[in-house]
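Heads up, the chain below is alone and in the form predicted alone; it's given as structure tokens.
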Amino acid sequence: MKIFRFLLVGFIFGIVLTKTEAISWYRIYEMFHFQSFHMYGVIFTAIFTGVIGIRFLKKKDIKDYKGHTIEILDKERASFRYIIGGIMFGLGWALVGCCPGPIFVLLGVGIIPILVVLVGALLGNFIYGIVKDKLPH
């Protein structure tokens, strides 16, 4: 029964991504060419919602689904690894036309070629898992 609430949140997230057109390759193309404010509005709304959520979590004694207290660590200063990681993420997002969240939404609406992107994302995570101990952290 506990998994039901996670599935429900996932379905709601998918509906929101679909209705806001955040899964649209054309909308992402517009964003990276600075032709439309649409996706920036979606992203800024997500940031605003996240800031409010984090403030709420810090003020209240909210527990996770296992009953443990949620701890939010102080933010680490931006370093070279975050800059490189951000550039790699942005390039992948621009080349593929979606970030990791919408991959499953696109599968759900029947866009089968996104399986290539999913396999690439899983392969990239697998390779990172193998080499992460050799990388500077």
Partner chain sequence: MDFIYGTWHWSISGFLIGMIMLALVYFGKSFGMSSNLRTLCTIGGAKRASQYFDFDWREQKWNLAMVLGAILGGYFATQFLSSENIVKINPKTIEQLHALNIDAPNGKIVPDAIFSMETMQTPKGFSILLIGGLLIGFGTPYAGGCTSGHAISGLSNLQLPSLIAVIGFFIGGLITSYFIIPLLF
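The term rigid core refers to the most C-alpha atoms you can superpose between the two forms while keeping them within 1.5 Å. Numbering follows the first chain given and starts at 1. No experiment lies behind these values; they were computed from the predicted model shown.
There is also a form predicted in complex with its partner chain; it is not shown, and the following applies to it.
K.L.:
Indicate whether residue 59 is a 4.5 Å heavy atom neighbour of its partner chain in the model of the complex.
P.N.:
Contact check for residue 59: no, nothing within 4.5 Å of its partner chain in the model of the complex.
K.L.:
Which of the residues spanning 19 to 38 lie within 4.5 Å of its partner chain in the model of the complex, based on heavy atoms?
P.N.:
Contacting residues: 19, 20, 21, 23, 24, 25, 26, 27, 29, 30, 31, 32, 33, 34, 35, 37, 38.
K.L.:
Checking residue 99 here: with the core superposed, does its CA move 2 Å or more between the shown form and the other one?
P.N.:
For residue 99, whose C-alpha is compared between the shown form and the other one after core superposition, the shift is less than 2 Å.
K.L.:
So, superposing on the core, is the move of residue 35 at the CA at least 2 angstroms between the shown form and the other one?
P.N.:
Where the cores coincide, residue 35 shows only a C-alpha shift between the shown form and the other one that is less than 2 Å.
K.L.:
Tell me whether residue 57 is among the residues that move between the shown form and the other one (Cα shift of 2 angstroms or more, core superposed).
P.N.:
Yes, shifts by 2 Å or more.
K.L.:
What direction does the residue 65-residue 101 Cα distance move in the model of the complex compared with the shown chain, closer or farther, given a change of 3 Å or more?
P.N.:
Compared with this form, residue 65 and residue 101 lie farther apart in the model of the complex.
K.L.:
Against the shown form, C-alpha atoms of residue 103 and residue 65 in the model of the complex: closer or farther, for a change of 3 Å or more?
P.N.:
Farther apart, which means the C-alphas of residue 103 and residue 65 are at least 3 Å more distant in the model of the complex.
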